[in-house]
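Given next, in structure tokens, is a single chain: the form predicted alone.
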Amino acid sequence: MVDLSQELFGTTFQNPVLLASGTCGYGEEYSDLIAVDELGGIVTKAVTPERRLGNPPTRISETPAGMINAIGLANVGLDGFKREKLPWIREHLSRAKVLVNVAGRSVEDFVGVVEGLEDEDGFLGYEINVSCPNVEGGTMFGTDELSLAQLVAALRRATRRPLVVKLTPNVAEIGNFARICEENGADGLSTINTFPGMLIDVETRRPVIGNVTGGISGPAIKPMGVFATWKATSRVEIPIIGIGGICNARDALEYILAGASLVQIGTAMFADPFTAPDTIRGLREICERQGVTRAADLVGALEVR
């Protein structure tokens, strides 16, 4: 038997496969298709202080190796999340761990959401979104070292729950930003968010996306995500969650070998909603074939010499 569990953030994840923020809603959206509670966990859609309608359409379009999106962090807001979404999470997710993705325009916004959720139960901790490329100011904290340090420190004072920071790839040296998060109290990192990009309709000569630009995700960004994960693990001791272009168990294992303890699957779930459970099954099969009894032993097991 292969043990796929991972011990981190003071708890046990039953397997390393999570659903990524913004692609799984709040878990309920996939519950008629897959057994969500058998996953390692989910990361909810972003929660902001206020309800947001998001960007104008068109907000999603396919690209040759993935998709571009500019949803604009549309969400039900803090009060709506507590009233409309948390009750389902509490009732249906007992084994899958839940991280609440938090976004905002200022330090006060982020802290306000965290403080507004601190007394609630039903979730493990927070993933802090400092790296969304398709809203105004979405990467402000993720690309400025001082702003990032101040934000993480303020959030550390606001919560005792696990605090995971989702980093942007759009910096010269992601390891520096990983180190800043660790030094200011982060418990973990998510690497990476999407890359900025755009598509143009050559017939209309207009942008395909209503927001003009958006975030690129899917298989095209997997090599960059694996690289960013590897670079971040060389600078910090805290756990890392790998994200970007994961479509199967082999993709997930690349991130794990590069140093990720957990992985998140997002874009692939739009094409095939069974990607996550298939990835769990595939990881078990690879481990069995290679004689690996504990998936945790593969974390950071990359051999470069």
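Predicted model, so just to flag it, every value in this text is computed and none were measured. Residue positions are given as counts along the sequence shown, with the first one as 1.
Omitted here: the form predicted together with a further copy of the same chain. The next part is about that form.
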Select from the listed residues Ala149, Ala220, Leu124, Val107 the one whose heavy atoms reach within 4.5 Å of a further copy of the same chain in the predicted complex. Ala220
Is Arg206 near a further copy of the same chain? Define near as a heavy atom within 4.5 Å, in the predicted complex. yes
Heavy atoms within 4.5 Å of a further copy of the same chain in the predicted complex: does Gln290 have any? yes
Might Ala301 be said to contact a further copy of the same chain in the predicted complex, defining contact as any heavy atom within 4.5 Å? yes
With a cut-off of 4.5 Å between heavy atoms, is Leu93 one of the residues that contacts a further copy of the same chain in the predicted complex? no
Thinking of Pro196, Val226 and Ala258 as the candidate spot, does a further copy of the same chain come within 4.5 Å of a heavy atom on all of them in the predicted complex? yes
Since the chain is shown here on its own, which stretch among 227 to 235, 182 to 190, 151 to 159, 108 to 116 would lie within 4.5 Å of a further copy of the same chain in the predicted complex, judged by heavy atoms? 227 to 235
Need the contact residues for 46 to 84: heavy atom within 4.5 Å of a further copy of the same chain in the predicted complex, sequence order, or none if there are none. Thr63, Pro64, Ala65
